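One chain comes next, on its own, written out as structure tokens in the form predicted on its own.
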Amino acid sequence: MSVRSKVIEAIQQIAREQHVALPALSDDLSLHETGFDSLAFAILVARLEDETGIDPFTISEDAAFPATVGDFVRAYENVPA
């Protein structure tokens, strides 16, 4: 399964668990528009770290939180090996 697929699947699963009406996901969808609150994002990052072994937001000193779904996916895709 690709990194993109893992991230999208995790977003969809957490939306179901948190009872969030998730809009259609696209790369240009603002993370604010996903309906996720800070708890849902924390769960998402923690779950992806458990699954992938990485947290792209803590491995870099200059990491900024992404603005769109595409930015979020790329943060995981672009982690150096």
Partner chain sequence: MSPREIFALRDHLGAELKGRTISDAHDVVSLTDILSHTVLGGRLSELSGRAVLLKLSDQLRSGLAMIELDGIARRMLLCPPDLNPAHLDTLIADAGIDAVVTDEPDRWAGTGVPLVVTAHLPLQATAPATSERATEWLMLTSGTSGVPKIAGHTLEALTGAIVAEGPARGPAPVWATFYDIRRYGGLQIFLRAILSGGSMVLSDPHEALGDHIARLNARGVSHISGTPSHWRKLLMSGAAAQFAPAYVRLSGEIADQAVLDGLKAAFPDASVGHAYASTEAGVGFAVNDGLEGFPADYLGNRNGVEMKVVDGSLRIRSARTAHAYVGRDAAALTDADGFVDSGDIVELRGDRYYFVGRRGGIINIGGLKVHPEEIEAVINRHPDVRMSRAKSRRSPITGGIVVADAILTEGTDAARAKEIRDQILDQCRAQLASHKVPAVIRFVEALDVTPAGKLARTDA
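Fair warning: this is a prediction, and the values are worked out from it, not measured in the lab. Positions refer to the first chain, counted from 1.
This protein has a second form, the form predicted together with its partner chain, left out of what is shown; the following refers to that one.
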- [ ] Evaluate residue 50 for contact with its partner chain in the model of the complex, applying a 4.5 angstroms cut-off between non-hydrogen atoms, and reply yes or no.
- [x] yes
Open item on the list: Using a 4.5 angstroms cut-off on non-hydrogen atoms, would residue 43 count as touching its partner chain in the model of the complex?
Closed with: yes
- [ ] Could you confirm whether residue 12 comes within 4.5 Å of its partner chain in the model of the complex, counting heavy atoms only?
- [x] no
Open item on the list: Check for me whether its partner chain, as it appears in the model of the complex, comes within 4.5 angstroms of all of 8, 36 and 77 - heavy atoms only.
Closed with: no
